[in-house]
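We begin with a single chain expressed as structure tokens, specifically the form predicted on its own.
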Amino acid sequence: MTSAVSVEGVSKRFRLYHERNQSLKASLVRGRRARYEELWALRDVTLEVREGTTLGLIGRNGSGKSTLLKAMARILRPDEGKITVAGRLSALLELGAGFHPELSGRENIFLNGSILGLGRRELKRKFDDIVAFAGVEPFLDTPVKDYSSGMYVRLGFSVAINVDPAVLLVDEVLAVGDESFQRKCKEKFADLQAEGRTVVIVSHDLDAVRDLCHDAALLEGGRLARTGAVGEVVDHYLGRVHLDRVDEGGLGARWGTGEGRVERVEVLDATGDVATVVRTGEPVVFRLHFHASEPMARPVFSLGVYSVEGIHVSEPTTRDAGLVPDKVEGRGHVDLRVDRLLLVPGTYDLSASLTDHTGAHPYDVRHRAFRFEVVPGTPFERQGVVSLGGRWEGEALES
């Protein structure tokens, strides 16, 4: 398959100044140049983006994702290596960056469109589509300085996405506007993909990356750490983040009065062994170990399940199950037995808490402090968070 974007041995260096000479006098007095250190934001990155595919660039803050995207957009010039882009390019990096606040929406459409490479005749042809997509028709002749922030970014997004690019670069602008506008944006992305356009996306929203991208590239410290199918690269990244957080001394936040403590949570697999990886559809036990340093009256245990992106999946409690003892003391454990785990493959965090019966007095709360992985099992489903556990039927499905 032909490459739409070719990145060959690209490195980019910035200078971090500790002090600057603010004037010629300061330079003469010091008798030397301002002190700085060099930071390599990118080091020897080689990457091919296949024509007609969508690539997600992922990684921690400061890993070089946005720097690489700006180099692709020719906003930054690499210090080493070269980048080749085939066809017209449009970049959604800072929406409305080309707008003049004193000009009207109408005037800014032509200004911003010309910056992105469209001629006046082509802009006139696309004008109605841009306005309709942005939903700002009643305010076309109002200076954009009087627009709300939502109107401002919608218009910037609409201009950039209607350029009809061969290659579209997107940096953290997938969630602009309200729910209706976000839906229109996703539909537009789907249209671009169906038309065979090439898209490169930088985002921390790993759900969006999984949904929108075919491939992914992971950057770590300015270097390319991994490339491949999006699911494989995202899962690898999440695993690395998990290990790093464990090495740093645990996950999540903790609070409470301390009369009782949640010592740890274990996940037991179908064989009864402690595990960090389990399968969809198999039985599991979540075991909460506690220590009550003094008798606690009518305690309530709870277990929260979250997707790694923060979706609150479930929060079963012993109070909801009608299992509230008169008191507990000393060390022990309670189990939440799940006969058939219906979480789809992915990474999940567990919260655990020990409170009084009202829930208003927390003895110990450990928020998203434990992590486990779910791998494909039966039923086999890729999307969403939970499986419905259903079964497909019908004459049309019979061979």
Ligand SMILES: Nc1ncnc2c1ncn2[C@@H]1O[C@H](COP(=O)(O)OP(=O)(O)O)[C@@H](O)[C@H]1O
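Since the structure is predicted, the reported quantities are computational estimates derived from the model, not experimental observations. Heads up: residue numbers just count along the shown sequence, starting at 1.
As for the form predicted in complex with this ligand, it is not shown, yet the points below apply to it.
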field: Position in contact with this ligand when the complex is considered in the predicted bound form, options R60, H357, H367, H333, heavy atoms within 4.5 Å
entry: R60
- prompt: Considering this ligand in the predicted bound form, which of L343, A41, L350, L47 comes within 4.5 Å of it through any heavy atom?
  reply: A41
Contact of R382 with this ligand in the predicted bound form (heavy atom, 4.5 Å): no
query: Is R15 one of the residues lying within 4.5 Å of this ligand in the predicted bound form, judged by heavy atom distances?
result: yes
- request: Flag G56 as yes or no: does it have a non-hydrogen atom within 4.5 angstroms of any non-hydrogen atom of this ligand in the predicted bound form?
  value: no
query: If we take heavy atoms and a 4.5 Å cut-off, which stretch out of 47-55, 335-343, 369-377, 62-70 is in contact with this ligand in the predicted bound form?
result: 62-70
